[in-house]
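Presented below, as structure tokens, is a lone chain in the form predicted on its own.
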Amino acid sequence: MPKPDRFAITGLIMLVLLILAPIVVVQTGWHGGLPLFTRIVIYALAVVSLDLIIGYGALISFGHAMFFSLGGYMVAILAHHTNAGDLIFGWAGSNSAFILWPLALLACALLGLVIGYLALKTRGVQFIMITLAFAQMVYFLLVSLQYYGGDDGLMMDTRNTMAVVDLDNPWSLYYLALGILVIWVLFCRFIVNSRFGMVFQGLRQSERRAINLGVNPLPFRLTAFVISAVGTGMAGILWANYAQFVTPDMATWAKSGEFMAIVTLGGLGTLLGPIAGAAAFIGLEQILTIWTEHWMIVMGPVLVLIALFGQQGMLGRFLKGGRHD
């Protein structure tokens, strides 16, 4: 008898919960439930993208928040000039998501390509520090953009427009974000199980053996890094439309660290684990902020205990079938 597909079963349960939970919560009278679940889904998209390179390639990026911020700032800035009637390099601009979102994703891909190429010349701590350094450069660049608010950030007067979805409707925005998350998880799952993914994971296990077999590590790692950057940029785009506000804080090292903590909390190398991690992290943050303004004092030890006693995260052991990889 074939073993049940734990990934498919867990993914289906998560999908049903994410479809129904906001409706149930709002029915109880707590209208803050929908914004909470929207944050969870957007963060889940970012951390699933990060898990692709950390969990399957052991590429510990401490600067992925720069792609999150770039995606958000691209759509916010372009929408700002369009609404102001300014020309953008001779172009009248547009507020259409079908135009702005691909442009923002292209910018994230190009930045990921450049930074990934440079960072992947190194290994280990050096790789971590280079990604962190570039993220800090992006952060200080955003702070210096006084025309776009500098430290104070930039407000979006209106959300982007989409012919088939009303993004001004919070329910429509939530289910659009959920649909994008589902598609992205399936896409990442396809990559992981493809020949490309097998080689990529093989480089994590033994780079020397892969090189001896004729594999050039750089194209595989760089491609995965760019894909991860695009997914994180998409999360930034959705965040900008959700909050209608972008700030340089989206690019800080603390935000990158938050993403890494969520991935570890949910389970490295599982794709679904980070979604559970995002729900747990944001949910716990919500509860603790109600209880005390010093919620990080409580959150820190909780994460340390999870790291010490639950080394495979919330879903790592279950989804990996007890394997310790």
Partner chain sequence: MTEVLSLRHLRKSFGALKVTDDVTLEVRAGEIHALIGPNGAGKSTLIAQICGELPSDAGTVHFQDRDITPLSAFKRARLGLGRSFQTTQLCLEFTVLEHVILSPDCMGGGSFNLFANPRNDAGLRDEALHWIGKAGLGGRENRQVANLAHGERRQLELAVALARKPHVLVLDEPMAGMGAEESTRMVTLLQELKGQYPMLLVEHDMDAVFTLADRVSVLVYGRVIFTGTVDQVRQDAEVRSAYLGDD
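Residue numbers count along the first chain shown, from 1. From a predicted model like this one, the values you see are computed outputs, not experimental measurements.
Beyond the structure shown, there is the form predicted in complex with the partner chain, which is absent from this document and is the topic of what follows.
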Heavy atoms within 4.5 Å of the partner chain in the predicted bound form: which stretch among 184-192, 154-162, 231-239, 128-136? 184-192
Taking heavy atoms only, is Pro219 within 4.5 angstroms of the partner chain in the predicted bound form? yes
Evaluate Arg209 for contact with the partner chain in the predicted bound form, applying a 4.5 angstroms cut-off between non-hydrogen atoms, and reply yes or no. yes
At 4.5 Å between heavy atoms, is Gln146 in contact with the partner chain in the predicted bound form? no
Is there a non-hydrogen atom of Phe196 within 4.5 angstroms of a non-hydrogen atom of the partner chain in the predicted bound form? yes
Contact assignment for the partner chain in the predicted bound form, among Gln201, Thr247, Asn95, Thr252, heavy atom within 4.5 Å: Gln201
Of Asn169, Asn83, Thr223, Thr122, which residue is found within 4.5 angstroms of the partner chain in the predicted bound form when only non-hydrogen atoms are counted? Thr223
